[in-house]
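Presented below, as structure tokens, is a lone chain in the form predicted on its own.
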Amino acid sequence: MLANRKLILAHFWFAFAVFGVALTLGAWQMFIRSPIGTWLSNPELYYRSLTAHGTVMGYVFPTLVAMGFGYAISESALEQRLVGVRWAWAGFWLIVAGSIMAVIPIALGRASVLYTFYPPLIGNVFYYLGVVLVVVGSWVWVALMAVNLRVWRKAHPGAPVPLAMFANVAGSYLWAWTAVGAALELLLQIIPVAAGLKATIDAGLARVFFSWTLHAIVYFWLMPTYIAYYAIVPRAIGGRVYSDTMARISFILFLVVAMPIGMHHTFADPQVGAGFKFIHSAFTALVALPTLLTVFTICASVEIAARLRGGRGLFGWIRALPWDNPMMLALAFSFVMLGFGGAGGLINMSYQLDASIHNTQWITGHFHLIFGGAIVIMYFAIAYDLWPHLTGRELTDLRLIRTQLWLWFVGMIVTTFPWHWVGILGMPRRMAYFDFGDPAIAPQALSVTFSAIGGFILLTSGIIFLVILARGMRAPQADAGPYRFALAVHQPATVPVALNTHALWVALMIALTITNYGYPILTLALTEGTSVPAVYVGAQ
């Protein structure tokens, strides 16, 4: 039952519209930094573009996808109309207003601070206020997910919460607490300086606040992807979820261990002690557990589908999988990119190994392979799966959909693998241009050229994706039926309280965050003489 299709479509269309703009900016950035482009007369234009690209891709696009998908999950999985529709629209318009407010100063060259803010750089105050509005709008969604689950619980006392909704609410709680770090940085450190109330800023403390958000936000981006793994793919390919229990444990582990790990992004920062860096590095390793659980469970679920289709033998069942089904294709591509990206993450979490690739193009390749690759390709799959139910019209050109997914996969590999390589060779990131005529870096020109070509392949795929959705709005009408999620092989009649509620795990998440961040933040806040003069972007 999708009673609020316009609300969900509004979230998806705005998400994919800004995604298209940000994708175009990204392709342009790779072109002008490559040997096939020409140097910019004003390199500051590159940083404007980079800030807009990161702000949209980091804050606006995935948040809107999570919200729109979350509303669809709430109505379909709980089989009840969304409670608080007016609030949902208010949250959406807050994000639209915040996005516009943030982009204007970026376009004017007054906020080229990148999406990670990088104090003591200070941009126009309206950029930061725009980001705040985006976060506040998303918190409306968090509250609504909690309210809707509470209403359902009252009507179904003791019943197992549907897996998709359990995971959806876990993701919303993770985001609510994740965003607190960046909120503290903005409200206590950056906005007072940007508003002219202060002239100095404690950049070290600000970076620790942002590290609170910086890595956990990746798992918020991942949540819709993992929900699609468990709740959409098995149903779409004719199978069942191997284990409802293992799925719940995976989402619980993400909720608990995704938060207290962000200081591995400050390995090179002297204001953070080595002991806490080690603790955060160790907790980062724990995040591999829910991913490994997911890979096992989903592979088992896929095998079930293949054997139901007549697959036989130890590996022969793989041939029986519906490889012409876009959901199967998206899952396979996502898993491949998740594997490569996750392996790179093991390098980043190691204090010793990170030193060799810190602030190089390796980092750019890593997070694009995870977010732009493994995550975004499943956002496409979610849209393809939902679109007929949102529009009442069928997506009939499966060949074009498969082509789009192939192009995205190939484009992301061609883009990110060379980035990893030149990162190992020491190429720094965040550079507006390179002199490839210099013999010292001339051998890297070919790799950078391949990355630029990959960027245009991605842009082509993104355009095809938008065309498919637009054509789907005008396709012949068709009754897609009720929207359903995958069932488990052994659908639980009852679920232990610990696997059916979030309170214990939210409390543990908060406690671990306070344990891992409390002392460093308190120490830095009480240390005098650590503030430095602000550097105002766009100041004449």
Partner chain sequence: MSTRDLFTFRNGHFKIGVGITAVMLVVTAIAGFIVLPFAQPWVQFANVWDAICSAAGVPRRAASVTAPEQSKRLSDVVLTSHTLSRPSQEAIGRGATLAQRCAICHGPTGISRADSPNLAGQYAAVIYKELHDFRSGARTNAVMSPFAVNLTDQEIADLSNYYAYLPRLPAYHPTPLLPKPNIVIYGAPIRGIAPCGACHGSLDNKTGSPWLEGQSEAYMKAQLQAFASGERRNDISQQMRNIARAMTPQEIEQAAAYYASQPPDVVKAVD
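Values in this document were obtained by computation on a predicted structure and should not be read as measured data. Positions refer to the first chain, counted from 1.
What comes next is about the form predicted in complex with its partner chain, which is not displayed.
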property: Stretch from 486 to 494, 23 to 31, 54 to 62, 506 to 514 whose residues place a heavy atom within 4.5 Å of its partner chain in the model of the complex; result: 506 to 514
property: The single option of 470, 308, 274, 299 touching its partner chain in the model of the complex, heavy atom within 4.5 Å; result: 274
property: Proximity to its partner chain in the model of the complex, single hit among 199, 187, 159, 346 (heavy atom within 4.5 Å); result: 199
property: 4.5 Å heavy atom contact, residue 498 to its partner chain in the model of the complex; result: yes
property: Close approach of residue 531 to its partner chain in the model of the complex, 4.5 Å, heavy atom; result: no
property: Contact flag, residue 110 vs its partner chain in the model of the complex, heavy atom cut 4.5 Å; result: yes
property: Its partner chain contact in the model of the complex: residue 479, any heavy atom under 4.5 Å; result: no
property: Interface residues of 43 to 74 toward its partner chain, as seen in the model of the complex [heavy atoms, 4.5 Å]; result: 43, 44, 48
